[in-house]
Ligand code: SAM
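In the block that follows, a single chain appears as structure tokens, in the form predicted alone.
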Amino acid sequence: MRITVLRLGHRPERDKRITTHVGLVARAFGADEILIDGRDEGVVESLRDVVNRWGGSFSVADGIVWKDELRRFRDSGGKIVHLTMYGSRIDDVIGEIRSCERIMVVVGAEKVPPDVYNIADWNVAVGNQPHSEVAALAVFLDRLFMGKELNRDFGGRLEVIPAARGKVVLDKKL
């Protein structure tokens, strides 16, 4: 399964930290790429630096036109999942979503335009209370991969060695 995350409505002056965290969660929890609506070279550089040091083949692109990207993705056979607190309960639709080959997960930053709700194959609620889009993406990807993404080997230069106490990081470059 190939997962693309579309960060919709990124506002460079306000959303740098949250968009960076959306990208970090996307990468760590099994997505293959993030597309950012709007330009923000700082966020792009930060995420690419993580990939360079910690591994994986996660890609990052900014400056995309979200409406064009959604249509292109759908026209090429991909399925679109919009994470919102107003959608179907995640447990009711996750099995069906899991059967798809290619998924674009839309995560909004500001008020999401009605077009997104209409073009999405699924509007999925990770709970029906206000919370972070970072949390929604993490829970969605974890449910999608049934926890298996947490044991993935990224093959990076840096690797955390699990330990009950202390921080043990292996630097394979040394």
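The shown structure was predicted, so the numbers you read here are calculated from the model rather than taken from an experiment. When you see a residue number, it is the position in the sequence shown, counting from 1.
From this point on, the text means the form predicted in complex with this ligand, which you will not see here.
Visitor: According to a 4.5 angstroms non-hydrogen atom cut-off, is residue 44 in contact with this ligand in the predicted bound form?
Guide: Contact check for residue 44: no, nothing within 4.5 Å of this ligand in the predicted bound form.
Visitor: With the cut-off set at 4.5 Å between non-hydrogen atoms, does residue 107 touch this ligand in the predicted bound form?
Guide: Judged by the heavy-atom cut-off of 4.5 Å, residue 107 is in contact with this ligand in the predicted bound form.
Visitor: Residue 144 versus this ligand, in the predicted bound form: is there a non-hydrogen atom within 4.5 Å?
Guide: Flag for residue 144 set to no.
Visitor: Is residue 125 near this ligand? Define near as a heavy atom within 4.5 Å, in the predicted bound form.
Guide: Yes, contact at 4.5 Å.
Visitor: Though this ligand is not shown, can you say which of 70, 50, 112, 60 has a heavy atom within 4.5 Å of it in the predicted bound form?
Guide: After the contact test, the surviving option is 112.
Visitor: Would you point out which of 126 to 134, 145 to 153, 60 to 68, 24 to 32 contains residues with a non-hydrogen atom within 4.5 Å of this ligand in the predicted bound form?
Guide: Correct option: 126 to 134.
Visitor: For the stretch 9 to 26, return the residues whose heavy atoms include at least one within 4.5 Å of this ligand in the predicted bound form, in the order they occur.
Guide: Not one residue comes within 4.5 Å of the partner.
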